[in-house]
Ligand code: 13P
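Take a look at this single chain in C-alpha cells; it is the form predicted on its own.
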Amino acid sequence: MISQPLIRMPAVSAINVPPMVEEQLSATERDRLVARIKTLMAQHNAVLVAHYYTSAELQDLAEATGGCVSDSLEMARFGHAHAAKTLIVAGVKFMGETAKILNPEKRVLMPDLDANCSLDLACPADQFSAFCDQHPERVVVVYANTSAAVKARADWVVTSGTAVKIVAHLHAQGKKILWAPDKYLGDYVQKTTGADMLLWQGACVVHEAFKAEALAKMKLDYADAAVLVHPESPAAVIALADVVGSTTQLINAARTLPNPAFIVATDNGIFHKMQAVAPGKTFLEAPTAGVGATCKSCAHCPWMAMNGLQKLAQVLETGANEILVDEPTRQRAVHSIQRMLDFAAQQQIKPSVGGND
C-alpha cells in the first residue's frame, strides 16, 4: 500500500443525525393508501423507484406498479428507460439528484427532501472544491453518495461495484487519486489496488457503527453463517467478511452461496430483498454495539426511514418535493457519471451502488 502524504485534511463537521421515526400504519390504512397511490401514479404517468434500504411496503409497491427496487444508479437508469414522465424516487436526496442528472426531461419527485445522507452532508461542495484546487495533480474520484455539485467537481463518479476496477485502471496509468467522501470505502479501495489515494474523511453513520469484536464473537456462535459486509464498513469489520461487496453483490451472494445463514453488515432494509431471493435461508444483523451491550444492532438509516406511503401519496397529490439541478451543474455532473458508465460497459461490469448509495 502507498503510504499517505502528510497533508492536513479539512475537518468534517459533526452530522446532525435525525431521530429514527418509521411510519406506523394499520393494515387497513396501508391498503387504502396503496390503492390511492396506485390511482395517483396512473393519473400522473408516474413510476416509483425505491432503494433496497427503504421499507418493505415501498419496495413491494414499486415492484407491484412496474417500478424497480435497486441501487441508486440503477434506479436512475431504470427511470431513463421507462416511458413515465414522472419519477418518484424513494431513497435519499443524492439519489433523486442522480435521477434528475440522468433524466433532465423528466419530473423527479421525492417523498421527503430532508431525507439526506451522512456521506453527502460530510462533503460540502465549497469545501471539497477548495480542497481539490489545492491538489491539481490528482484525479478527483467521488463516490455516488455525494451531491450534484460534488459530482460536477469530479473527474470520475464511482459506485461500490465499480470503484476498485476504476481506481485500478487509473493507478495503472500512473494517476494519483483524490477520493471522497467515504474514508472506509476509500481505504478498502486503496488496499485492494495499491493506488496513491488522498482520502476525504467522511463516513456512513450506519456502516461505521458495526463492531468487529462483537462480530467475531457472533461468527463463533453461528459457525455455518457466511458474513456479508459492505465496504463502507471499518477495516476490522471488512477483515471478518466472507464476501465484501455492493448491495447488489451482497444480495447475489445471499442467493448463490450454499450457507444456510448469513450475518449481514449493511442497512437492514436489504433483508426484505434477501429473503425474497433466498426464502429458505436465515439472515442475521451484524452487531452495532460492543460485546455485552443490551442493544445488538440498529443498522438502519434514519434518513431512509423518512420515506413512507403517507408522504408518497401527499407528493403525488400536490407535486411537492421536486428535485431540480441547474443545467451547468447537471452537464458537468453527467460527464463524470458517463465516464463510469462507459467504463462499466467496456469492462462488462454492473455499476451497482451500495450503502446510502
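In this text, residue numbers run from 1 along the sequence as written. In this text, all values refer to a predicted model and were calculated from it rather than measured experimentally.
There is another form of the same protein, the form predicted together with 1,3-dihydroxyacetonephosphate (13P); it is not shown, and what comes next is about it.
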Practice task
Although 1,3-dihydroxyacetonephosphate (13P) is absent from this view, report whether Ser147 comes within 4.5 Å of it in the model of the complex, heavy atoms only.
Solution key: no
Problem - Ser160 within 4.5 Å of 1,3-dihydroxyacetonephosphate (13P) in the model of the complex, heavy atoms - result: yes
Handout entry: Contact of Ser72 with 1,3-dihydroxyacetonephosphate (13P) in the model of the complex (heavy atom, 4.5 Å)
Key = yes
Handout entry: Heavy atom of Ser246 within 4.5 Å of 1,3-dihydroxyacetonephosphate (13P) in the model of the complex
Key = yes
Handout entry: Interface stretch in the model of the complex with 1,3-dihydroxyacetonephosphate (13P) - options 225-233, 130-138, 103-111, 279-287, non-hydrogen atom within 4.5 Å
Key = 225-233
Handout entry: Partner contacts in the model of the complex for 40-54 (non-hydrogen atom within 4.5 angstroms of 1,3-dihydroxyacetonephosphate (13P))
Key = His51, Tyr53
